[in-house]
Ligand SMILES: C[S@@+](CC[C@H](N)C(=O)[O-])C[C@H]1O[C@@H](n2cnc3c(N)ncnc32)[C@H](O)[C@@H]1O
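Encoded as structure tokens, the following chain is the form predicted alone, with no partner shown.
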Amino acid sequence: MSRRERTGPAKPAARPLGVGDWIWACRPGFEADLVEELERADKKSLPSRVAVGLVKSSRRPRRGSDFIELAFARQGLPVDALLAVAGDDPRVLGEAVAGAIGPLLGAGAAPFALQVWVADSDEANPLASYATAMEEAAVAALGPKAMERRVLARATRSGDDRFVQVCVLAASRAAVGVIPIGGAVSLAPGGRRRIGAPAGAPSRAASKLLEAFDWLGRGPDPGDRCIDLGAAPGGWTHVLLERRARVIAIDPARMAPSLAKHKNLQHVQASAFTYQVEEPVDWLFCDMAWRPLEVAALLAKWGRRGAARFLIANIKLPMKQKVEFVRRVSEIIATGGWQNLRVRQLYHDREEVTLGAWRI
């Protein structure tokens, strides 16, 4: 018996990236997880790995008229033009990009955003300076009239404004795509939303929560009542107190000395699994280094009790079957009546995902 007879038909080789495909950026090492997620969302999307931090598919998965939000995709763009030039002069590629952008934008004076980015990988990151020089050359080649229409992605006035993305694949190759900015996966180049931890924050976890607020487009208002499960040493609590929220921090461990006597902080040295709030709060936060399925069940219990309106949680991932695990966690939390559930591996996440939901 031949090897092929023993193992079944050989899987067809992935075809090269082409015009009409989609490029997806992800955290390095999570390419296989994003491929699996795309396959589950749309078996006909034919996803495959392009390079470290990059995956392609033949189309963007939909559910009805809505795009499916992918947990492991940081950014995505349709490949409307695939460019290759001779040599490695960024000015040559920049001029080619400018030539491709004009027809993609079409006639009219509508504003557009332009971002040039590289994959997040040891191989691609050295191309960042090349990408910057290429962008400068493209802007110069577009001319002042076109550039009068350019705005920052976060300054666009309408979801229908054009969002031009350029993914630099090599020192002589780039993919160019345009979508309505309202359909963008992220407004940060390559989905890398870098947010520094505020001064005095006890841990880098503060950056994760700030990015979560940016991603969800909401966060606590002054005076909101918040529960922070697994709070010590206080990275998330620090962010909440800076927003002038009132915080009950739940953790057997001590909080950072800089927070301990804050007037808006109550520290309860108890297990998150035994603590029960006396009355409903506005926000429930959770960043616990504990068994994730048990954490998900706890968050579902909070939902069933109607003990909070908004939820933001950080869920640790297993070594394998991450996509299936995210599905299971989401299903468990949804049993608590949490709605509008969203999950994303944010830039500041590592072996984890951030989850947001609300009950209003």
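Only a predicted model underlies this, so the values are computations on that prediction, with no experimental measurement involved. In this text, residue numbers run from 1 along the sequence as written.
Here the subject shifts to the form predicted in complex with this ligand, a form of this protein not shown in this document.
Peer 1: Can you tell me whether residue 290 touches this ligand? I mean in the predicted bound form, with a 4.5 angstroms heavy atom cut-off.
Peer 2: Judged by the heavy-atom cut-off of 4.5 Å, residue 290 is in contact with this ligand in the predicted bound form.
Peer 1: Looking at the partner-bound form in the predicted bound form, is residue 172 within 4.5 Å of this ligand by any heavy atom?
Peer 2: It does not: once this ligand is placed as it appears in the predicted bound form, residue 172 has no heavy atom within 4.5 Å of it.
Peer 1: Taking this ligand as it sits in the predicted bound form, is residue 252 in contact with it (heavy atom to heavy atom, 4.5 Å or less)?
Peer 2: Close contact exists here: in the predicted bound form, residue 252 approaches this ligand to within 4.5 Å, heavy atoms only.
Peer 1: Heavy atom to heavy atom, is residue 270 within 4.5 Å of this ligand in the predicted bound form?
Peer 2: Result yes; residue 270 sits at the interface with this ligand in the predicted bound form.
Peer 1: 241, 184, 232, 277: which sits within 4.5 Å of this ligand in the predicted bound form by any heavy atom?
Peer 2: Result of the distance check: 232.
Peer 1: Using a 4.5 Å cut on heavy atoms, which of 124, 142, 205, 96 is close to this ligand in the predicted bound form?
Peer 2: Checking each option against this ligand in the predicted bound form, the one that comes within 4.5 Å is 205.
Peer 1: Which one of these stretches, 96-104, 125-133, 252-260, 164-172, sits within 4.5 Å of this ligand in the predicted bound form when only heavy atoms are counted?
Peer 2: Partner-contacting stretch among the options: 252-260.
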